[in-house]
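A lone chain, given as structure tokens: the form predicted alone.
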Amino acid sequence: MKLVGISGALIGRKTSKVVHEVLQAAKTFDPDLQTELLDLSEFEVEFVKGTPLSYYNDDTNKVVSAILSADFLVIGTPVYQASITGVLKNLFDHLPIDAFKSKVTGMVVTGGTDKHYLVMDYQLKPILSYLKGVIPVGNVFVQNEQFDEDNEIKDADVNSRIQKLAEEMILLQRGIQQLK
């Protein structure tokens, strides 16, 4: 199985760090698991123009292809202006309506206040559902204060929730694959 992590931030390292930690936790739970981190700050995903995917640049095609070929995904976003990032929304607009069908799509969100947690349930979750993703229960929200000055997660509870999310995602995806 292949787990792809998406960090939907163009600046900062916190979101990428949390997505990376989920990928590492998943590898601990299943050493045979293949993982890949797509940090959108490292790609030039073009704005959607309503044309076929083949009309877009190599980075856009590479990111979309990696997502579509993944068995399951963990998607991370910081909260900006009480919403997911524009770069992440633009990426979702490149995907076909059934892009996440039969794929577990875990969520990690970083934000400045505890109220930013609501972005996960009221903005990100509906998009993943629309794309037919299977959404686990134990998604992870991390406040900025739960990182140290080196962007390492300093909160033991957050690390525990990351471990639980990784385990839940693997168990759900295995169950889905057994039904196919």
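A residue's number is simply how far along the shown sequence it sits, counting from 1. Since the structure is predicted, the reported quantities are computational estimates derived from the model, not experimental observations.
Note that the form predicted together with a small molecule isn't included here; everything after this is about it.
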- Message: Just checking whether Ile11 would be counted as a contact of the small molecule in the predicted bound form - the rule being heavy atoms within 4.5 angstroms.
- Response: yes
- Pro136 within 4.5 Å of the small molecule in the predicted bound form, heavy atoms: no
- Heavy atom to heavy atom, is Val79 within 4.5 Å of the small molecule in the predicted bound form? yes
- the small molecule contact in the predicted bound form: Ser41, any heavy atom under 4.5 Å: no
- Segment that reaches the small molecule in the predicted bound form - one of 53 to 61, 127 to 135, 25 to 33, 109 to 117, heavy atoms within 4.5 Å: 109 to 117
